[in-house]
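Read the single chain below, which is given as structure tokens and is the form predicted alone.
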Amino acid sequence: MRRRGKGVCLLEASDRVGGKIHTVRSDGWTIEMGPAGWLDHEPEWHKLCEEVGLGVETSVAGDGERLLLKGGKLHAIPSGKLGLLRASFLSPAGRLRLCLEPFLPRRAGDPARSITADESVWEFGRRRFGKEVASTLLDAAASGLFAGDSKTMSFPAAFPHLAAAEKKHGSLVRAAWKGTAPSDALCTSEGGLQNFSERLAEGLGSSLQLNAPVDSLRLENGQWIATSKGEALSQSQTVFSTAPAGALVQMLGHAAPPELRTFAETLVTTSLRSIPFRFDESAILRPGKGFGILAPSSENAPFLNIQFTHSIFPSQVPPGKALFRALVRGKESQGDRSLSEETQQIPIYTLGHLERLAAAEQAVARALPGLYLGGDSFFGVGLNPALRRAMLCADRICNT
């Protein structure tokens, strides 16, 4: 927006930029306490990193081993076009059911509604791949990636790229064979994600205000006024809010449309903690090569997922060392306690999320001109959805 001639004032509630991005660097270790990186299907990331003078590191474990915990044992999730047909966590009948997927019709939308009829992650998996895959791999993805329940989480809201792939190609297996399935390689910026945030912030100068939590946001005579503890922090014609939905409703007070209030009241959130475990490589009984471990909810595992950081991004770990990063719920805390105090709230998109979102966004556009919604309460968990929404709103603001 600044390049396009728009003045920008960034109000950040915390004492550092980047929001949920938080990188700890110490003695050759680069430890991400928030997001680990972005999936490599948003080319804009590479452009932005190049613009701020940072290289991009792509995971060397993209095609490596991924593990699934089932029955108390670790099973490899085979890669490749016919990989799942070799999966030891599936029965012969479950693997045979997979063979039907290329011949199943795509799901039709509901012509009476403007949004495709919703379905859960589990129901999508059952419909396309069978109950075994839905109860193991898809359930593990919903739990491990989003801390959600596969039977109540909205598939098109949580996995929009897969939903779009089915809509376009019908069969996800055929899309994978053609090489048109979304890439799942993980990328990060040189030196960790916080390097990227800090480089972007360098160009803002006095336009960036840290430790500036907004408690009131009001529209007066076509101008938005953001205040903190009764003191005006900024005044502008447009606001791009990435605050959580509930916090935004509190800022707006009585001006918040009913649809936005309903959205905030029905949004499910959970508290997560990222816990790093640091080892000498010689202390590891099984080489932690590949990407990491997922577990379906039926396993009642003490973790949501475990990432093998030393295998994914070797540059983030000193030679001869290994770094495992476990994602757990709430205040469970073991491992490296000095680095595991920070918790983050993330939303879980339950069934009906996209319909509630559309109603809230339309109501805000109608009642509160100049206010643009962003953030993971609304448009996706992770860095890719954040960037897509930011670019879209920047275009809209610059073109008004």
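As the structure is a computational prediction, the values presented were derived from the model and not from experiment. The first residue of the shown sequence is 1; numbering continues from there.
Below: the form predicted together with a small molecule, not depicted.
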### Message
Can you tell me whether Arg325 touches the small molecule? I mean in the model of the complex, with a 4.5 angstroms heavy atom cut-off.
### Response
yes
### Task
Check whether Gly34 has any heavy atom within 4.5 Å of a heavy atom of the small molecule in the model of the complex, and answer yes or no.
yes
### Message
Ser234 versus the small molecule, in the model of the complex: is there a non-hydrogen atom within 4.5 Å?
### Response
no
### Message
Against the small molecule in the model of the complex, would Ala13 count as a contact residue? Criterion: heavy atoms within 4.5 Å.
### Response
yes
### Query
Which of 200-208, 238-246, 127-135, 91-99 has heavy atoms within 4.5 Å of the small molecule in the model of the complex?
238-246
### Task
Could you tell me which one of Ala163, Ala175, Ala87, Leu272 places a heavy atom within 4.5 Å of the small molecule in the model of the complex?
Leu272
